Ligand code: LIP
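Before any questions on binding or motion, here is one chain by itself as structure tokens, the form predicted alone.
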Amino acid sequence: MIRSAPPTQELLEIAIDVARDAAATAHRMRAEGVSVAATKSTVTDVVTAADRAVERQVLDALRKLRPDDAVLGEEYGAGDTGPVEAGGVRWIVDPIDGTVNYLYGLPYCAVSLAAEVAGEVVVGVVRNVATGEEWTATAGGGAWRDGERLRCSTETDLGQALVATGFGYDPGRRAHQARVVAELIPHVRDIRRMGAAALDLCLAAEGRVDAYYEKGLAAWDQAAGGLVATEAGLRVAGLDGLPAGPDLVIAAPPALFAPLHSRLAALDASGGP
């Protein structure tokens, strides 16, 4: 059965409401105290009870508002939702991006929620759990933070660019990523590693960093933030013409994309474990 896609504005309003409620729950649970509930890929890749509770809250809210939609989440995968029908909507949720920051009480973690239609992300909302900052975007409708239209950095010299990145949890991958950073840092202004991909993409969208790259991102890490970055004028892609994905995500202004891409390709940034 082919269904017509709902209006983007309708999906945006749902995403904002659901993300705000989810962030409020995460904020409350952090104030009440938080501990590790489980680990995933390694002992340092943690899951808190809040991750699970927040994602369950999002799933329940979306099921109530749009019961026929599919959902992909970090903690529950496809959950108990069905496959995406032609013309249908799939929601992509990271309940707490930056879980380690959340665990330690560092104010750099976020709820990330995106809506995808026909394989294209059309709505993205990222809300900082600690500060309440909120970034939104719609495909073709621009990127916004708290009512302000976002434009990416106008920097044209890679040597003057502040570049954000992140590391994976696997020790072998971290070692490879550290080697890449060590070789890259002499060619840029400086490196920032803050620990939440969705927020890194949003900071790049408003020029608070000039560019961002990272290997190992899942769909929920980049869906909403990637749309915010794209709509703010950044080029978001992988290496050698590939789309942004687990091998590598590069988000940079047009003038910086090619030189950053070339440097990362030469350093085998998508390689390693």
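Being a predicted model, the structure only gives us computed values, none of them experimental. Each residue number is its position in the shown sequence, starting from 1.
One more form of this protein exists, namely the form predicted together with ligand LIP; it is left out here, but the text below deals with it.
TODO: May I ask you to check whether H187 falls inside a 4.5 Å heavy atom distance of ligand LIP in the model of the complex?
DONE: Contact with ligand LIP, no.
Open item on the list: Given that ligand LIP is not shown alongside this chain, does E116 nevertheless sit within 4.5 Å of it in the model of the complex, heavy atom to heavy atom?
Closed with: Heavy-atom contact with ligand LIP at 4.5 Å: absent for E116.
Open item on the list: Can you work out whether V209 and ligand LIP are in contact in the model of the complex, taking contact to mean some heavy atom pair no more than 4.5 Å apart?
Closed with: No - in the model of the complex, heavy atoms of V209 and ligand LIP never come within 4.5 Å of each other.
Open item on the list: If we define contact as a non-hydrogen atom of the residue within 4.5 angstroms of the partner, is N128 a contact of ligand LIP in the model of the complex?
Closed with: Contact check for N128: no, nothing within 4.5 Å of ligand LIP in the model of the complex.
Open item on the list: Can you tell me which of 217-225, 64-72, 26-34, 241-249 lies within 4.5 Å of ligand LIP in the model of the complex, counting heavy atoms only?
Closed with: This holds for exactly one stretch, 217-225.
- [ ] Counting non-hydrogen atoms within 4.5 angstroms of ligand LIP in the model of the complex, say which of C202, I96, V163, V123 makes the cut.
- [x] Residue within 4.5 Å of the partner: I96.
Open item on the list: For a quick check, can you give me the residues of 241-270 that have a heavy atom within 4.5 Å of ligand LIP in the model of the complex?
Closed with: Nothing in this stretch is in contact.
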